[in-house]
Structures are given as C-alpha cells and as structure tokens.
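Single chain ahead, by itself, as structure tokens, in the form predicted alone.
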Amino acid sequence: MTPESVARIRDLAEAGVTALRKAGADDGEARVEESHAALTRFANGAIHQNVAADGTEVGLRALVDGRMGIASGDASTPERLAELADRAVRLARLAPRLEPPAVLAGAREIAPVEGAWSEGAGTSDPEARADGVSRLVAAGAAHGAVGFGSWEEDRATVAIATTNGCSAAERRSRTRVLTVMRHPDGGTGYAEAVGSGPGAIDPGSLGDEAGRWAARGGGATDLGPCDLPVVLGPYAVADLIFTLGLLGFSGLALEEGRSFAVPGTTIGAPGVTIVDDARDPGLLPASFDDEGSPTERVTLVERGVCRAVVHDLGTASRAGRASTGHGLPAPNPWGPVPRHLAMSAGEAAEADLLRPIRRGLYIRRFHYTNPVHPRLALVTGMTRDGCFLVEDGAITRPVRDLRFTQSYLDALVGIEAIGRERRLVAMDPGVVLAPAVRIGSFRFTGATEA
C-alpha cells in the first residue's frame, strides 16, 4: 500500500457516491477499505497456521425519501459498483422512513494524525513472523512453560465520501502479538503487545513475562466467595475501562437513559482521569471515524467527575452539537463508541500498590466479562491467567480462578492508588492504555469450574 493507494481508494469512494446518485439516491455515503491481513498461530510451542488475505470492501449507504438502504461487497469494476448502488437504492425504497432522518458527514477539514501508519506494517513474510514466534516461545521455555498464541499484522487504506462533500482517506496499520504460557505445574501466564507496526513488539519480553507468571501459578488453592481489596494489573484495568466505555460513555446510551455517565456527576476516585483520544500517536490513531467526521480528544472523566460522552453524527444532531468523531459503519445499533481510551498514570510502583494490603488478591487479567445491569455498570466475569493471594503486602501463592459480580463504577470510585507504568491493550474494536490500580473492595462470588 503506497501513498498512491490513498488517492485510488479515495477515487473509488467518490465513484461510489456518483453511482448512488445515478441509481436514484437523494443522498449517499461510500466507505471503501482496501486491506491486507497476515496471521501466524502457534500452540504447544510450535506454529500450526500461517494465513494471509487481501481484499477491498465497498459499503454504500443510500438515502431515498427519508429512508435508508445499505449494500456492501466487492466492487472491483464500474459495473459491479453500479449494481451495488442499485441494490442500496432498492433496499432504501423498501425500508421504513427514519425519524429523525439520517445525517451524513459534510465537507470539513481533517488534519492528518501521526502514528496511524507504520511503513513496516503487514510486510513481514511467514519466515519473519516465525522468527519472532521462536524468540517468544524460547523466552517462555526458559521458565519451563509452553507457548500458545498468535501474531497478527494488518494494514488498510480507508476512504469515505458523501454527497454532502465529505472526502477523507488515510492509511492505517496494526500489529498485535499475544501469548498464553502454560506450565506443567498448572499455572498459566498471559502477555500481549500492540502497536502500529512490528517494530513496537519485543517478542522475547512477551514470552519472558508470560512464562514467569505461568511458573508462579502452579498448585493454586481454592478461595470461596469473598469481598477483598485487590490490585488489578493493566490487562484487567483495560477491561474495566473499555467496558465502561461501551456501557455508558456513549451519546446514544445517554439519550436512551441507560447510561451512568451524566456530565458533572462523580463516578470515580479523585485520581481517575480517562480520555478518549483518536489523535494520540500512541493509541493507534485515526484522523476520521467511520462516518467521515474528524476525530476529537474527549475527556470522559476528570479527577473522578464525568465530563462528557462521545457522539456520532446521529446522536450529535439530536443533542444539538457536532460529532466528536466516534461513529461506526452503518448499520450501527450500538451508537458511538470510544475506541482510543487512556487512563492517566499515577505515582505508585507495584510494591506501593501491594504494601497496604493485609489480605487481598493480585489479578492480572479478566475474562468473559458481561454486563448484568448496564446503568449500574454491574458486570460478571472471571479472573484468568494469574490470580494470586496477597498477604502482608506481598504476593504469596496462586489462587484458583474466581468468578466476580461487581459494579465497575463502584470499582472506579474505590480506586485507592494508581500505578505509574501503563500498558497498551487491544480491546476490539479499539485499544486502552491502562495502569495497574489498587481497589479497596471487590466482590467475588466463587471459584470457576475450569
């Protein structure tokens, strides 16, 4: 994907808008994504799969008499593009009238962002990925652990055009490597890294991290239902922040009365500041969203106080404001979603987080978390790949994985200290830059079956 591909994909998006007009649409939108994805999977310390795929996806949205129709697929020829546009228009004529009507992006200046694209992204061959996997697996094996995981590289050129004059295009890339290490004693450890290109990844450090924790996790003891102070590692904190983003920091959730995020209310401890910033070079940035609106930095929580929610074109129009650049591709029942989240770091080292705890838990990661009550941010889930008892300020022994049912809002309010180091964690569809935290109380309902 060269700089020339940006112009070519932009031209294809604008051709899609022209095709919609010719097919009879009053207004319309075209979204085009040309992508390359490569994946290497490994298990039991050996690679078992290498795959790669290239493709161009065209999505057309037609507005006809206040109705909307959407069609998507391959449109490699003008004839195919015309067929896709005709289908979108026919679907629109069969659809119910939208109240209020759909809103399309207009002509706005979109400033480019740094860090969206890495020149080395998605260019590695299977041998290069195999070399990285080999280093990762060897580092885990030094702790007696066996590696499982994946190495993903993606690159794409994305373009959006509308009949209102929007025309936006850019290149984006992402590399993500994750591993679970298993130790013969029964312990498991997890590690991941994500960045705009493979240069951001140190596979040896990932294997060492996961292997060390796997070696500490054997012979786990049972712990019944309890309410204990906890130290959550960055992987677990990323789940907490991202889940709160999905449940509450959305203009649609606020509009529908199912959000806890009312601006001006206290929803976190005084040290908690959370932003969503798609223009931060360290957060896999994007200069525009999936509707073609420029992205903005939005402060969601400032020193524990809710400040704002994110908007797409629809929720912004109904709220009487501009989009913050958080739209997803149509059709989108979810509304706007924060996808570039970051929680501010604190000043505590890991030892400082653990020191005040007489009896509690250290948790590296959450798994299979699901909302029970969205407005209360009540969530159920499990610990995974590293749950340890903390006694007299130190990690002492592994604990069998636990199930919890906990309000993530109460957890946010209950944060007593925040770590000074942060980790970038992939939480599809986005990323979270998260520190470790100490929380005064966390509710566990029992051990998991596995």
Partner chain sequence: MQPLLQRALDTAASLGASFADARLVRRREETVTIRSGRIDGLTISDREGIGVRVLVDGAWGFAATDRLAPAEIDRVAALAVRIARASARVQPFPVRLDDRPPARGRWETPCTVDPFTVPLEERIADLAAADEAMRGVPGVAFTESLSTARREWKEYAATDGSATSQVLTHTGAAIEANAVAEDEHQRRSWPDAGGGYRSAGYEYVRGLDLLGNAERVGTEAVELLQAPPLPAGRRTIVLDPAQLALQVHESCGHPTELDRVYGTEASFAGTSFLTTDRLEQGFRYGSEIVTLVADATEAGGAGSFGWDDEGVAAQRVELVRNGILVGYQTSRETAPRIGRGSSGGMRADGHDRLPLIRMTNINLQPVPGRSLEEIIAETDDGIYFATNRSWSIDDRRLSFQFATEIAREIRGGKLGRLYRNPTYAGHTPSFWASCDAIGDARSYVMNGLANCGKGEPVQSMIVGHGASGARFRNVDVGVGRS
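Numbering follows the first chain given and starts at 1. None of these values were measured; they are calculated from a predicted model.
If you look for the form predicted together with the partner chain, you will not find it shown, but the lines that follow are about it.
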Picking from 386 to 394, 62 to 70, 419 to 427, 22 to 30, which part of the chain touches the partner chain in the model of the complex when contact means heavy atoms within 4.5 Å? 62 to 70
Under a 4.5 angstroms heavy atom criterion, identify the one residue in R375, R307, R216, R297 near the partner chain in the model of the complex. R375
Contact residue in the model of the complex, chosen from P96, P78, P270, P281 - any heavy atom within 4.5 Å of the partner chain: P96
Looking at the partner-bound form in the model of the complex, is S5 within 4.5 Å of the partner chain by any heavy atom? no
Although the partner chain is absent from this view, report whether G381 comes within 4.5 Å of it in the model of the complex, heavy atoms only. yes
Is there a heavy atom of P229 no more than 4.5 Å from a heavy atom of the partner chain in the model of the complex? no
Just to confirm, A348 within 4.5 Å of the partner chain in the model of the complex by heavy atoms? no
With the partner left out here, which residues of 330 to 362 have a non-hydrogen atom within 4.5 Å of the partner chain in the model of the complex? P331, P333
